[in-house]
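Here we start with a single chain on its own, the form predicted on its own, put down as structure tokens.
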Amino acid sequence: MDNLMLILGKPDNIPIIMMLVLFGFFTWLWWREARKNDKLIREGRYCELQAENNDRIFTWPYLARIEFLAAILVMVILTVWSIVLDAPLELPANPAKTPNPSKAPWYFLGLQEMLVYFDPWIAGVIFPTIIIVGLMAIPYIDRNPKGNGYYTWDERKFAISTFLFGFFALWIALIFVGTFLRGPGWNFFAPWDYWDPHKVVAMVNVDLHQFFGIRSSVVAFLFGGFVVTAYFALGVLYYYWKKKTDFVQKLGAARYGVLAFLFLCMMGLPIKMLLRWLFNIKYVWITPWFNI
């Protein structure tokens, strides 16, 4: 575990560790408050949800005083941090000697990790665009007023679970893998492994049509298109299967279609990762213009 401790102790990795700890703490804090409110809802004590007599204070002087003390505390922490830890500066750039591994800043490591499983145009352009558009569409898709102003789980299970999965299981997990588990050559290293710059991994990548013994390029094009179309058709089948439920009826056809498309795109990432890990499948659909 010496190599892991060395990686964790690097100055540029300490903020990432702190971020993971803070995410875990505030998620636990949300869960505790949500379960308290869910208990109040089950008992019919709606008037106590927002704790009007306990949680509300005047901005001046109470809130302003707390914010001022918090700002001073942050300044003290940053000052001590800058004195104790050296800035993670490296030598001047040398075109004859590139760093190995060559990593993007931590907030882009999720995208860099996705490049292992998708073409650059998907991982670097399509997925980020879908993420941005999806975030912009949330207020128009999710019109459920429940949960506004108070924490809850029972009333927003689908929305909260989808967000937590997309944020933690995908984005934060990809950042963690790219930071602590990807070493020289962008090879995968277990936490207890030494980062050997000479490591060579024998990996035979195959496309999905080759996995099924298809060799014709035309048949491979049609087969891949059928698989991708069938995958997104699951959203249509689910709509006709559950169209009489309250969940689908409240959404309507248009909002359900946008939600289903975004959800299936999100789930496509872990599915493609599993295909790569378990079967070394590189592409699902091969075309003359793009590969998926």
Partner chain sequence: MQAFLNKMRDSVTKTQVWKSVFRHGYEDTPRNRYLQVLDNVWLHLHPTRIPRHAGYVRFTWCMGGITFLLFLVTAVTGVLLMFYYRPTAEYAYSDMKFLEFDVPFGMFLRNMHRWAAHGMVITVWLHMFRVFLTGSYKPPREFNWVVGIILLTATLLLSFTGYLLPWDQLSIWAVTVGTNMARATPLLGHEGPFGPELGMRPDNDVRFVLLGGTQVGPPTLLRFYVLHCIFFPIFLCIFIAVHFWRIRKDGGISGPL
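Here, rigid core means the biggest group of C-alpha atoms that superpose within 1.5 Å across both forms. The structure displayed is predicted, hence computed values, not measured ones. Residue numbers count along the first chain shown, from 1.
The discussion below concerns the form predicted in complex with the partner chain, not included here.
Asks: So which of 215 to 223, 187 to 195, 200 to 208, 170 to 178 is the stretch with heavy atoms within 4.5 Å of the partner chain in the predicted bound form?
Replies: This holds for exactly one stretch, 170 to 178.
Asks: Of these, Phe247, Tyr238, Tyr62, Phe261, which has a heavy atom no more than 4.5 Å from the partner chain in the predicted bound form?
Replies: Filtering the options by heavy-atom distance leaves Tyr62.
Asks: Heavy atom to heavy atom, is Ala254 within 4.5 Å of the partner chain in the predicted bound form?
Replies: It does not: once the partner chain is placed as it appears in the predicted bound form, Ala254 has no heavy atom within 4.5 Å of it.
Asks: Does the 4.5 Å heavy atom contact test between Phe232 and the partner chain in the predicted bound form come out positive?
Replies: Judged by the heavy-atom cut-off of 4.5 Å, Phe232 is well away from the partner chain in the predicted bound form.
Asks: Spell out, yes or no, whether the shortest heavy atom distance between Ile57 and the partner chain in the predicted bound form is within 4.5 Å.
Replies: Answer yes; at least one heavy atom of Ile57 falls within 4.5 Å of the partner chain in the predicted bound form.
Asks: Taking heavy atoms only, is Lys243 within 4.5 angstroms of the partner chain in the predicted bound form?
Replies: No - in the predicted bound form, heavy atoms of Lys243 and the partner chain never come within 4.5 Å of each other.
Asks: Going by heavy atoms, what in 76 to 112 lies within 4.5 angstroms of the partner chain in the predicted bound form?
Replies: Heavy-atom contacts within 4.5 Å come from Leu78, Thr79, Trp81, Ser82, Ile83, Leu85, Asp86, Ala87, Pro88, Leu89, Glu90, Leu91, Pro92, Ala93, Asn94, Pro95, Lys97, Thr98, Pro99, Ser102, Lys103, Ala104, Pro105, Trp106, Tyr107, Phe108, Gln112.
Asks: Cα of Pro95 displaced 2 Å or more between this form and the one not shown, core superposed?
Replies: Yes, the C-alpha position differs by at least 2 Å between this form and the one not shown.
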